[in-house]
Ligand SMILES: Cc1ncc(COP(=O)(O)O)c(C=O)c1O
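Next up is one chain by itself, shown in structure tokens, the form predicted alone.
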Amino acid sequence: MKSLSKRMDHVSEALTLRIAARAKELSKQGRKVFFFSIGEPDFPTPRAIKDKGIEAIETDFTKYTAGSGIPELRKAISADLTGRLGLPYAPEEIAVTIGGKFAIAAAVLASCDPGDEVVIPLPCFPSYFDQARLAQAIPVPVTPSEENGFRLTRSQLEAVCTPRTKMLLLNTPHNPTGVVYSREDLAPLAAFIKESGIYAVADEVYERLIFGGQRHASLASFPEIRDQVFLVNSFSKTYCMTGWRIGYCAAPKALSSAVAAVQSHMNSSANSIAQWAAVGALEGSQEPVDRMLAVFERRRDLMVELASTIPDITFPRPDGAFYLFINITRYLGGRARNSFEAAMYLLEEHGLAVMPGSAFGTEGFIRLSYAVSDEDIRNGMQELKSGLEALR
């Protein structure tokens, strides 16, 4: 039998799935598990969105759609980006995709040739590296300082770029740290992107989940690099639609059409029912989003308060998303040599399902999600305090 392709030599199932599977197994055994590992809102899809999906089914809106998405949804996305964020993308510049993750993968595939380099700031969404490798591109990691909230600077970007650099993957609000880039943070990066001519994927799937009344700053808002930016967003986090698998890419037509073309040959199109439900998400009341944001901000404050009582850890204060990224380096070396062993210990001995920093390319950290109840945050953080001390 012939071998699999060489590109699969470096692509494997994520560590996070192994932890998630073990956490579910322990929960089924009757153990109390604190699911701090979950990267999705713990709220149901809003009723109005579900009703829109049911409407699609009952009216037989269940056939193939255009590869770039139904006109109604592309128009609604265009109106949202223009009206809410001041990003004037026309409907024909929108490609609706099967989740935001595929929009990123399609942008990489559409842009990169074998041997091209893709700059990836660490820590990062775990799929970035494999998406680059599947395109036979070379992922180039760069690690901004923890003291700067892991925000990438121009000098750091410039230092890793070469004539083979083709793309930058930039995420804000950030998973796993919860850090939010300001416009002042982005401006020097935009200037370098313009000068170098590279493409950028602006992964902004958490852009509605920002606290303290801050306003989202988009890399796509710099007009001088508009032709170089793939703006990616998703309905998963904002509208609690993770299982509906619906996202989009907004970019000049040459770029968005390339994303749609990739999708058309891999997936045909996004789910028709999910697309119709997404129209309802954008055109309906945004009150459920505002209510969820208020809950997440309260939970953020609670988790930060409790984490601050644990000695010998550090973490950037999260201003968005729903994660806390904790440096546990001072607790490693005894029972656990690395973050994965620490995560497995905390799960087995203390019922804490957390994500190891190594899954995000940054050793010595763990990621906690506060998409859980206040009670679980209080009790779970006490277990974390005990569990970390036991590691030593």
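Just count from 1 along the sequence shown to find any residue number. Only a predicted model underlies this, so the values are computations on that prediction, with no experimental measurement involved.
From this point on, the text means the form predicted in complex with the named molecule, which you will not see here.
Asks: Does the named molecule get within 4.5 angstroms of any non-hydrogen atom of D203 in the predicted complex?
Replies: Because a heavy atom of D203 falls inside 4.5 Å of the named molecule in the predicted complex, the answer is yes.
Asks: Is N271 close enough to the named molecule in the predicted complex to count, meaning some heavy atom within 4.5 Å?
Replies: Although the named molecule is absent here, N271 would stay clear of it in the predicted complex, with no heavy atoms inside 4.5 Å.
Asks: Any of the heavy atoms of R245 lying within 4.5 Å of the named molecule in the predicted complex?
Replies: Contact with the named molecule, yes.
Asks: Indicate whether the named molecule has at least one heavy atom within 4.5 Å of a heavy atom of S236 in the predicted complex.
Replies: S236 belongs to the contact set for the named molecule.
Asks: Taking K101, I104 and N175 as a possible spot, do all three reach the named molecule in the predicted complex with a heavy atom inside 4.5 Å?
Replies: Yes: each residue has a heavy atom within 4.5 Å of the partner.
Asks: Quick one: from F296, F125, F150, F222, grab the residue that has a heavy atom within 4.5 Å of the named molecule in the predicted complex.
Replies: Residue within 4.5 Å of the partner: F125.
Asks: Given that the named molecule is left out here, which of Q263, N171, S256, Q275 has a heavy atom within 4.5 Å of it in the predicted complex?
Replies: By the 4.5 Å criterion, the partner-contacting residue is N171.
Asks: So if I measure heavy atom distances to the named molecule in the predicted complex, which of the stretches 92-100, 304-312, 283-291, 78-86 falls within 4.5 Å?
Replies: Stretch 92-100 is the one.
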